[in-house]
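Shown next as structure tokens: one chain only, the form predicted alone.
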């Protein structure tokens, strides 16, 4: 387990809901409700954090939520226990998934792969635990192709990564590099906030 990443998000857990639970969540609520409405079968939710997204999950889905931070999971547990379906939480690094190959029908992420240290290797681990033709669905903020946004994000990224996520990742490219087939990319804000739908090889 990546100790440096774990410590960073343990430190962030105390203020996470205050920073992310007001304006940002209200702004993206309609997008997230639609995004999570596609959950079905057995689902792996990577980086559950403090569980802010659980309110948007449809009921009666079997969900395994993982996170690298114990402190985040402590805050997520009451929300997971209140979920109207079977949901378990585990302290686990996405790079080191120990589930058998082909365990999950779907894997969901929400503003996750901006913070994963080795995103391609982690996505390859995700692909392994998906069933053949299983779905990867991601709500992510990424880098931009357009000036001046790309220049600003590149300039700010060294500072942003010290306390939280990177803000200029090529997540769509990383999904392809990990061996997934892209189905759809939808932009929620410019080309920076987007949903990504991909499938594992059949």
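Positions refer to the first chain, counted from 1. Nothing here was measured: the structure is a model prediction, and the numbers come from that model.
Missing here is the form predicted in complex with a small molecule; even so, the following discussion is about that form.
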Among 127-135, 81-89, 111-119, 98-106, the region lying within 4.5 Å of the small molecule in the model of the complex by heavy atom distance:
111-119
Please determine whether residue 65 contacts the small molecule in the model of the complex, using a 4.5 Å cut-off between heavy atoms.
no
Taking the small molecule as it sits in the model of the complex, is residue 16 in contact with it (heavy atom to heavy atom, 4.5 Å or less)?
yes
Wondering, does residue 43 line up within 4.5 Å of the small molecule in the model of the complex on heavy atoms?
no
Given that the partner is absent here, does residue 48 sit within 4.5 Å of the small molecule in the model of the complex, heavy atoms only?
yes
